[in-house]
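Before any questions on how it binds or moves, here is one chain, the form predicted on its own, in structure tokens.
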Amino acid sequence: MEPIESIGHSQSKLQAVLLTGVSGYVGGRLLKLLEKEPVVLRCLARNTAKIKDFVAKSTEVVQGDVMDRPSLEKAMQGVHTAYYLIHMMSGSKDFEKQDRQAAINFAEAAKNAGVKRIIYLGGLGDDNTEGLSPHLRSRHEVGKIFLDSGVETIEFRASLVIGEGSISFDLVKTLTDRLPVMLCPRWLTTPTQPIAVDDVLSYLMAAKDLPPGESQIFEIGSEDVTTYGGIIREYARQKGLRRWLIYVPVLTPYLSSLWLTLVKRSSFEVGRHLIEGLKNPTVVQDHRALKVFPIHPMSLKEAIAMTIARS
């Protein structure tokens, strides 16, 4: 495989971008936006055959794995900006260890290859909060690895992403569609600040065009602070459904995860970890993103309406 700079004289002046997580919910949508940009786009995939028919002819697909350091160093040759949209929850019970090693591999390979910027999508949550869920704790640890790597890093922290195909939102949607009465743990009243997938994509796209500078963390969310119960009620209202939420003190995160039997079995393990994180407030505390980026995130009502219209 040739370094990106050597792929044609006309393309050599374009910014080279590496995208990971192409088969994921956000990554697949970001791919289509990046393919419209004046960049040289390279996608990393463990199984290239699975995505070759999904990408444009101008997009290069390279075989690589974040757990395989040599494959990363090869894939990053000539890359200016690298997007990291990967988590290990769906493939490993010891996902925190896997996430840590994958991030170390990615950060070291990026530094050795001369990558100028890493853009990472993590999760909201206060690091100083006792009992931060393993999922959020791991998301923050990955971000810190990148921030300490010596490569400029733009980390976005988001709560529930609203959109068709988002595991968190699909769980809310499926429960509301199928269950007239829901037994809910009291921590379903924990504050959260969801964000529409279109707004997440806008932030991710804008980050690649920021002028060079120091690494930064941006917390992003809609204009509404709500709860998961509030999201359920708003979705039910827009769908014309009458739903009752009965809060009980003894419903554990594990028992709550049994809700996932209503959803695809392949989502069970990921969903269980996400549900365990509902006890942690995920609210924007730092509003600098609204000043740095020309993006005004849509409201919860607008985000749900757009998702329903697209489904």
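The structure presented is a predicted model; accordingly, all values stated were derived computationally and were not measured. Numbering starts at 1 and follows the sequence shown.
The same protein also has a form predicted in complex with a small molecule, omitted here; what follows describes it.
Among heavy atoms of Ile118, none comes within 4.5 Å of the small molecule in the predicted complex.
In the predicted complex, Leu44 approaches the small molecule with a heavy atom inside 4.5 Å. When the small molecule is considered in the predicted complex, Val22 lines it closely, a heavy atom lying within 4.5 Å. In the predicted complex, at least one heavy atom of Ser166 sits within 4.5 Å of the small molecule. Look at 46 to 54, 239 to 247, 31 to 39, 278 to 286: in the predicted complex, residues with non-hydrogen atoms within 4.5 angstroms of the small molecule sit in 46 to 54. Between the options Leu85, Ala113, Leu183, Leu179, the residue in contact with the small molecule in the predicted complex by a heavy atom within 4.5 angstroms is Leu85. A single residue from the set Val161, Val79, Ala207, Ala109 has any heavy atom within 4.5 angstroms of the small molecule in the predicted complex; that residue is Val161.
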